[in-house]
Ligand code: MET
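In the block that follows, a single chain appears as structure tokens, in the form predicted alone.
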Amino acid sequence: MSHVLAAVAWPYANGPRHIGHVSGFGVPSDVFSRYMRMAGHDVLMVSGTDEHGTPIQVQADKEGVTPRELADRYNRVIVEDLHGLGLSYDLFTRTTTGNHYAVVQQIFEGLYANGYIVPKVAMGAISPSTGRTLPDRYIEGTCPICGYDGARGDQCDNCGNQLDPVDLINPRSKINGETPKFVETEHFFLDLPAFAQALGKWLDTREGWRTNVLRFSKNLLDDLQPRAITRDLEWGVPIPLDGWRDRGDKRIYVWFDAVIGYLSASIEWARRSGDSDAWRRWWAADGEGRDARGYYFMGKDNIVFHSVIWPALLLGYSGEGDRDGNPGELGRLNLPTEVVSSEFLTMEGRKFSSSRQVVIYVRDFLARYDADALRYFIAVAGPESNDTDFTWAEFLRRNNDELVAGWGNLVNRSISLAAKNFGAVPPVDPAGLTPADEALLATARAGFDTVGDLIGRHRQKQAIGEAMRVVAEANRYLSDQAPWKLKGDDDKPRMGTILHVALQVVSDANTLLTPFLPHSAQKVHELLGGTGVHAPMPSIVEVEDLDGGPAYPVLTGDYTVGTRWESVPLPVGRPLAVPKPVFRKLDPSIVDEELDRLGGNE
């Protein structure tokens, strides 16, 4: 057994999340975490809502509420949506807790003490019409490096380089289109160049990463610049230094505090578990966490924060950059084992856009369709290594032709035939198994190594493809053996053997598909006569802030129960009932209905 951290990107709490978001951070991390638990590893899956920064302030102003009220609302919406998808977080929390503030300030203080955070006068952008600070992400212009016209003030998504808004050509405010005014202001900067050598050595040791992630990350090291970690804001974590902590106009920048959330959520989970030091099993590089592994899940627009900036913060806190230094009170902390980045999901050939209604939010999807239907689509056709287009026609086809006609059909006809002819799991004929029987059972058993290895290496498309290949082989076996034709008394032992083999493979295939389809896996387990929890689910729990703040909902659960990653023989004689369909067949009319809901449909 090993300790495995599943660190999942923090969804931003300025609105509901759409299916493109959860295809990048949500479902892939849950498939991985469920498999690793089933394989016997001690998994800690953490995240929460990212609630600071000017975008929250801007949206709150639009809606006439405070930033906290806005964050409270969308925190609850997102918690409910991720619960509906069955994402098995050990703790899904938020960045507005007293615990998170304290951990962020600890990391800041450690970096500052080691000389990696330095004060600097810089040019800040101000809105001429309101006098308020404009955040980097709310300024657009032409990239001075590659000439891309849609570059943001913090980064160019075309060439990937970090930017400063003052360097943009023809800068303009995304809020109202006006040209920002640049004024001198003092801020604290992270000395990123001081980590170039350490980051380069670390990246050279990374194995198994997706090629695009590793190449992109190494290229960033060629031109690292000091990066501001404070902003002229009213909403955020206070700066923990004398002369700064009580200022109402300066706060730690949201990108800095959000990545620290992986650590703060782990510490909050430990505090809530009754063992406040339990987080060290996943984080303490010089202690019990030295052999732990940490996997970070996000969309490709977040790679730089997880493969460069977060490792730099960890190195600096541990005293391992060019300036050396001493570890802070938390000790030396583990760097990521792997950054698992997904590409983008588009919708009907267009980028997701809430303003243009080219979107379907998670809760709207779950109100009309089953969670496992979405999870299946993301696993089998999602943006694992390439940008992928979600179309309603393809969703319909995958659901009806693969889930319903493939997996659902195998479950239904195997259990139905056994229930009608035997009322229970039938015995194997004393005459033994045929080569065809043995071959199918061997195929199913081999799937545990094949599928497990692929999930462990973040090849989930291939993994679910292999699991569905077992399903296809079992359907072919049933069609070839045709047990429904064996009607005489002399034929019944052979019919029983065929159905026993089919049911055993249904059970094995169900285990192989459990990380992908946990809701239906529980149903299939029960249709096979099983009792108890097969695929544990998260719960929404209302908790008090550990440090005296307002109460809030978290996602958590007991994942020590459930099936293991192995073939378990079905007990002969276990009662079976005629099953109900596991999946819903969708009417083709949903394609036109959903397209009509999309804005600007042609």
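Note that residue numbering begins at 1 and tracks the sequence as displayed. Here the structure is a predicted model, which is why all the values come from computation and not from measurement.
There is another form of the same protein, the form predicted in complex with the ligand; it is not shown, and what comes next is about it.
A.B. asks: If we take heavy atoms and a 4.5 Å cut-off, which stretch out of 502-510, 97-105, 176-184, 259-267 is in contact with the ligand in the model of the complex?
C.D. replies: Going by heavy atoms within 4.5 Å, the stretch is 259-267.
A.B. asks: Consider residue 9 of the chain shown here, and say whether it contacts the ligand in the model of the complex, taking contact as heavy atoms within 4.5 Å.
C.D. replies: Residue-level check for residue 9: yes, a contact with the ligand.
A.B. asks: With the cut-off set at 4.5 Å between non-hydrogen atoms, does residue 30 touch the ligand in the model of the complex?
C.D. replies: Flag for residue 30 set to no.
A.B. asks: Decide whether residue 458 counts as a contact residue for the ligand in the model of the complex under a heavy atom distance cut-off of 4.5 Å.
C.D. replies: No, no contact at 4.5 Å.
A.B. asks: Would residue 388 show up as a contact with the ligand in the model of the complex if we use heavy atoms at 4.5 Å?
C.D. replies: No, no contact at 4.5 Å.
A.B. asks: Go through 280, 306, 332, 525 and name the one with a heavy atom inside 4.5 Å of the ligand in the model of the complex.
C.D. replies: Only one option qualifies, and that one is 306.
A.B. asks: Name the residue from 365, 516, 295, 255 that puts a heavy atom within 4.5 Å of the ligand in the model of the complex.
C.D. replies: The residue from 365, 516, 295, 255 that makes the contact is 255.
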